[in-house]
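Shown here is one chain on its own, the form predicted on its own, set out as structure tokens.
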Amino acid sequence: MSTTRRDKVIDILLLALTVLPIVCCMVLQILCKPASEGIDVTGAMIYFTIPMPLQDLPITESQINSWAVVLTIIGLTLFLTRRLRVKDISVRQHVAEWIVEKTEGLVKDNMDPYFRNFGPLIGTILGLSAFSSLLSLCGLFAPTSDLNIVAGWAVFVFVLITYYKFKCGPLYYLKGLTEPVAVLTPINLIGEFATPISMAFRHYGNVLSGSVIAVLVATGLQGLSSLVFGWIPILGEIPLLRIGIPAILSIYFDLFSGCLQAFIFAMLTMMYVSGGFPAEEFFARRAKIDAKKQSRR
């Protein structure tokens, strides 16, 4: 097999890895989801349950669709970053470089220079959140509509924030809880745990509310269409008023709002991590340690 043909085969396989997970989720939903009438606003469907010693582990739409998003992002990333060149750059390399430049620009503009290598993490958060919300365009359950999924992301960010707050030692961190006055220590402590809770509920609430509003409007238009055109034979059975308007709402709630919430979650991650990092104290301590090492030599 020639090199050109082999490259084309690999590209096709990577594109298949990008598309097939979503297609498999759609087929799985069609085969497993029971038929429903009227308004259907429910949580993630449970596919099966794994018996566990303390509590059974349900495997839901949220988990399956999340893994599908991960595989899709991996396939898309591999496809965009194949055959990188210095000259005669392809369109997909331009796209890959644009994504990297924009992500690194966000990190540079919103975080301390110490976090200059945070681009891949922020890019991952943006991609995972945006693609998860955009699944609703394919008729799938968006993982961001499940509080358990978004709460897991928020807990990860909370651990990251706490890790960098401890960069100057536990005593410095505990001292920060007593500022500006010791009386406010309980409030500061509550504020520490309120951060992941607010991030999770903000993201989850905005995505879920958009999905609920879209379903209610579509159902209301169907009823209104039946009321207005129901007296016309055959034509009255077609929900004419549902044509177009739900699609326009979907552009906002699924496309714009989903991407906006991904951007907000990434911005909050950068703000909390960089804001909690005691940069001046950390670098001052590092300078003292380096000076002691030099004096010993």
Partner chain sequence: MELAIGIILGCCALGAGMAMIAGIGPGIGEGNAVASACEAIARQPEQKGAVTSTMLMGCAVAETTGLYALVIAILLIFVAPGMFVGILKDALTWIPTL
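On a predicted model such as this, the values are computed, not experimentally measured, just so you know. Positions refer to the first chain, counted from 1.
Form predicted in complex with its partner chain: not shown, discussed below.
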message: Please identify the residue among Tyr172, Tyr114, Tyr163, Phe201 with any heavy atom within 4.5 Å of its partner chain in the predicted bound form.
response: Phe201
field: The unique member of Leu260, Ile251, Met26, Met45 whose heavy atoms fall within 4.5 Å of its partner chain in the predicted bound form
entry: Leu260
query: So which stretch, 49 to 57, 260 to 268, 26 to 34, 62 to 70, is the one near its partner chain in the predicted bound form (non-hydrogen atoms, 4.5 Å)?
result: 260 to 268
task: Using the partner position in the predicted bound form, report whether Ser209 sits within 4.5 Å of its partner chain, counting heavy atoms only.
output: yes
- prompt: Should Gly205 be classed as touching its partner chain in the predicted bound form when contacts are defined as heavy atoms within 4.5 Å?
  reply: yes
